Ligand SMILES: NC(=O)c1ccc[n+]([C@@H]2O[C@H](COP(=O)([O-])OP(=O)(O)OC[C@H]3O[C@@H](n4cnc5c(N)ncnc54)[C@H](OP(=O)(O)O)[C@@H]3O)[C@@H](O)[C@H]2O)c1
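Here's a solo chain for you in structure tokens, the form predicted on its own.
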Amino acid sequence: MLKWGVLGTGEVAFDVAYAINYVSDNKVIGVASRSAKNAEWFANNLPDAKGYPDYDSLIQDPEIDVIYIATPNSTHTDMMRKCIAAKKHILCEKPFCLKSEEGQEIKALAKAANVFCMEALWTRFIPATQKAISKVKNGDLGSLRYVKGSFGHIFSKDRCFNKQLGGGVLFDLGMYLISLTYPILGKPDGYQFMPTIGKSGVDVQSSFTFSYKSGIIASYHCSFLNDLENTIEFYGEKGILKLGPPFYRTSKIQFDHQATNSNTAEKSVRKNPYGYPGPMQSAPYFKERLKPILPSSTKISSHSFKGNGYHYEIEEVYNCIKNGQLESTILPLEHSIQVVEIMNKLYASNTVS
């Protein structure tokens, strides 16, 4: 039985706590917050859990095996240092840290202390996400040419707009887009970053583009101001693979086969619809209207998705610790650190810091 402690009492902490208790041989037994009252209230909503007066009391409790860190972004590194010093295994909310140098430090400390450590980027462990990444990496699309993604919801949470707490849309939402495509694309060779800076000094929406020596272009948009399409699409020579909407909580993968012209020497002349007689001039319009009922080259595959989806990352933590692994092979610490480095370079390319 893995006994968990939870640091932080926000909405996501609740979702993850329920998921922990859903997984066999895992249970939340303790909760800590900046407010002892909040910790008690949170713990009262979970069976066999108790509230702690402060973070350090929970971290130092010998009964606790694993600690899930759900405190503000700016506190992640310090919380992980304390957990490692207390020999506690760690699942830390995204972003793993705010500076890649901090991530390298935590990686070295965790290894030296023989402590498991992983970023809580839950979407990387959802079956449909794993399958989509595998299909693109295995060449199901042929040569990859272009990637695009969007992630946007209207946010009003204070922490998201607080610069001192590590707020900003890139750290909160944009990093999902980077992290889910990183296993396929790796580190970009070129960066373009176009943020909109809000009144509090953080980016509230942004567009960013990556270029690679292979010729691939990746284009993303994230926003606290609008509800976007929330999809990730991979364009290859054989077709288009689409994850979502929404990509972060889906059980379906869509694949659109793309026909290629094998006879490149053959020339064609576009037909002029204005030369058609009478009603036939509306042929393009009717063709579009009939598309939904005509035979389609689109294939949709379904994959398991249970509960709120957070239990998939909990199962990974449990299996890794059970098997004596210090890192996940699905989401190794180096992946999390490299994603932070990419975001650091984006911010450095602009006046935001």
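Residue numbers here begin at 1 and follow the sequence given. Keep in mind the model is a prediction, meaning the values are calculated, not measured.
The discussion below concerns the form predicted together with the ligand, not included here.
Figure note: of the listed segments 299 to 307, 320 to 328, 22 to 30, 65 to 73, the one touching the ligand in the predicted complex, with heavy atoms no more than 4.5 Å away, is 65 to 73. None of Leu141, Leu109, Leu165, Ala86 but one reaches within 4.5 angstroms of the ligand in the predicted complex through a heavy atom, and that residue is Leu165. Interface residue among Lys99, Lys137, His257, Lys157 relative to the ligand in the predicted complex, by the heavy atom within 4.5 Å criterion: Lys157. Although the partner is absent from the chain shown here, Glu11, Arg34 and Lys94 each have a heavy atom within 4.5 Å of the ligand in the predicted complex. Interface membership of Ala120, defined by any non-hydrogen atom within 4.5 Å of the ligand in the predicted complex, is confirmed. The ligand in the predicted complex comes within 4.5 Å of no heavy atom belonging to Phe224. The ligand in the predicted complex comes within 4.5 Å of no heavy atom belonging to Ser57. Mapping the unseen interface onto this chain, Phe247 falls outside it, with no heavy atom inside 4.5 Å of the ligand in the predicted complex.
Heavy atoms closer than or equal to 4.5 Å to the ligand in the predicted complex belong, across 170 to 207, to the residues Asp172, Tyr176, ordered by sequence position.
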